[in-house]
Ligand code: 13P
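Take a look at this single chain, the form predicted on its own, given in structure tokens.
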Amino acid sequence: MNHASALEHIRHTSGKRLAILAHHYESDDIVCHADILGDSLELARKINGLDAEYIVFCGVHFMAETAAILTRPGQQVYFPDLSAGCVMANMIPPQLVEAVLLRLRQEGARIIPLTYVNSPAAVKALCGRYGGSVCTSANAATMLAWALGQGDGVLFLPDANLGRNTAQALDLPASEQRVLDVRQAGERVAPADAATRLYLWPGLCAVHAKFKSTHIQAVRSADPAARILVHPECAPDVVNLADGAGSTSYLIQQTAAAQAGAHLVIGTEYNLVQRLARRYPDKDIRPLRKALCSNMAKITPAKLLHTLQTLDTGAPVLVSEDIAAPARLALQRMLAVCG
């Protein structure tokens, strides 16, 4: 029995006890076995409604942590490869984040931490403890507007590109934004000032940082009829040159809504673009460039099969309650604000 057949056999025999969740950036040989496919927000929303005893998450580690935080008693989350991390999430060590936040707050300013979901559970917990929350690329504008209304300013973690693109969408002037220098254990960070409302952590997505304005210019020259859509983790100059920018769900929806024969060039993870091209053969769908997430690629059919075969003996993803409780608070604030 090959991997695919063995996986489907276990899914069939497990019934409702098992739920496999996968992110859109996973390869087709993983996605085809998923009960639920989505972006970070969609998957987070689904956790509370699952009846499954075993939840197997195919994505990167922070996503499995988020799922573990949101599960109910009697449910366990399993993850096929603990080394499948996130470069961006690794850019915000929790102790450094807290040190920077305290420096911003040291003269009494109420700076609200807002972390992109691409972050460790301990950073989500920090946001929960300090009155902040979590956002995804789909709801970043809603959550940043919320956070700006909670205090004197916002510390946006960890993706500066998403922060700047979201601030632009909210018409927040560049003069009210500051990209932080977090070197030397945060000692270079000055206290918050009255003129600044948004403090940006200098992080980025290793995949979306590969898209450059020159790629868009090349498409414009070669195919003026093409509509270019990008993810807001791309640099602001890329977003500003594109015809549209939005979350993974936005990119999927825009592709589905495009007319037959449309030329679409999409700047996001390559697996998703290729899947959309196969789904809509009546449209000309191409990647802005080939950019793969090497960590998503660590989840393979063999590893997924091993996880399913060892559910009763394998180690679930565990988040200690001292971290899970405030992280859950931060996530629940997001889900409450966004409905």
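Since this is a predicted model, take the numbers as computed values, not measurements. For every residue, the number given is its place in the sequence shown, counted from 1.
Just so you know, the form predicted together with the named molecule exists too; it's not on screen, but the next bit is about it.
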Please name which of the stretches 324-332, 6-14, 311-319, 19-27 has residues with heavy atoms lying within 4.5 Å of the named molecule in the predicted bound form. 19-27
Verify the flagged residues 39, 63 and 137 against the named molecule in the predicted bound form: is each one within 4.5 Å by a non-hydrogen atom? yes
Within a 4.5 Å heavy atom cut-off, is residue 133 in contact with the named molecule in the predicted bound form? no
Residue 215: touches the named molecule in the predicted bound form, heavy atom cutoff 4.5 angstroms: no
Contact of residue 197 with the named molecule in the predicted bound form (heavy atom, 4.5 Å): no
May I ask you to state whether residue 118 is within 4.5 Å of the named molecule in the predicted bound form, using heavy atom distances? yes
Here the chain is shown alone; which of 255, 177, 166, 247 has a heavy atom within 4.5 Å of the named molecule in the predicted bound form? 247
Quick one: name the residues from 194-227 with any non-hydrogen atom within 4.5 angstroms of the named molecule in the predicted bound form. 208
